[in-house]
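The chain below stands alone, shown as structure tokens; this is the form predicted on its own.
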């Protein structure tokens, strides 16, 4: 299950509580998770049961008690084995906007242009939001140089996706304006 490996990855940087893991996963640009809290805690129990994690209760003055999870050597080995033995999946291109575009040929040029401009606006907002998330993220500041490079390349991949989509919208708008100019001016 992918959530188990995401948890192992996060705990390979430093021990964390279930709450900390949930918070990081919700804010992450690439460790997507859309489930409920129970899934994280179920995964933590399973990983502990498989001796891939250990847990320790930490009492805090003036704050609730925390249960911190820490990756074991066996957990680190399992994570690395998963990384090298699992074939990478090709990305999915299931974008609802492309369905809208497939139907847009029946619209007036000005309506298509408006649709693309709305998508472009949404892309710009997402790009700004993701850049701000990256700026605010403090994912294991103690990462080794190689790990920091990998993290930076992951962020670059995400930003490149949005920039590529924005370039594509410019091509669509230019095509509409060049090929259907008289229609757009009605």
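Residue numbers count along the first chain shown, from 1. It should be emphasised that the depicted structure is a prediction, and the values quoted were computed from it without experimental measurement.
Quick note: we don't show the form predicted together with a further copy of the same chain, though the next part is all about it.
Look at 123-131, 49-57, 36-44, 62-70: in the predicted complex, residues with non-hydrogen atoms within 4.5 angstroms of a further copy of the same chain sit in 123-131. In the predicted complex, a further copy of the same chain sits within 4.5 Å of a heavy atom belonging to residue 156. Taking the partner from the other structure, a further copy of the same chain in the predicted complex has no heavy atom within 4.5 Å of any heavy atom of residue 77. Contact annotation for residue 20: none of its heavy atoms lies within 4.5 Å of a further copy of the same chain in the predicted complex. Interface residue remark: residue 160 is counted as part of the site for a further copy of the same chain in the predicted complex, having a heavy atom within 4.5 Å. Although a further copy of the same chain is not shown here, in the predicted complex the stretch 70-86 places heavy atoms of 79, 80, 82, 83, 84, 86 within 4.5 Å of it, in sequence order.
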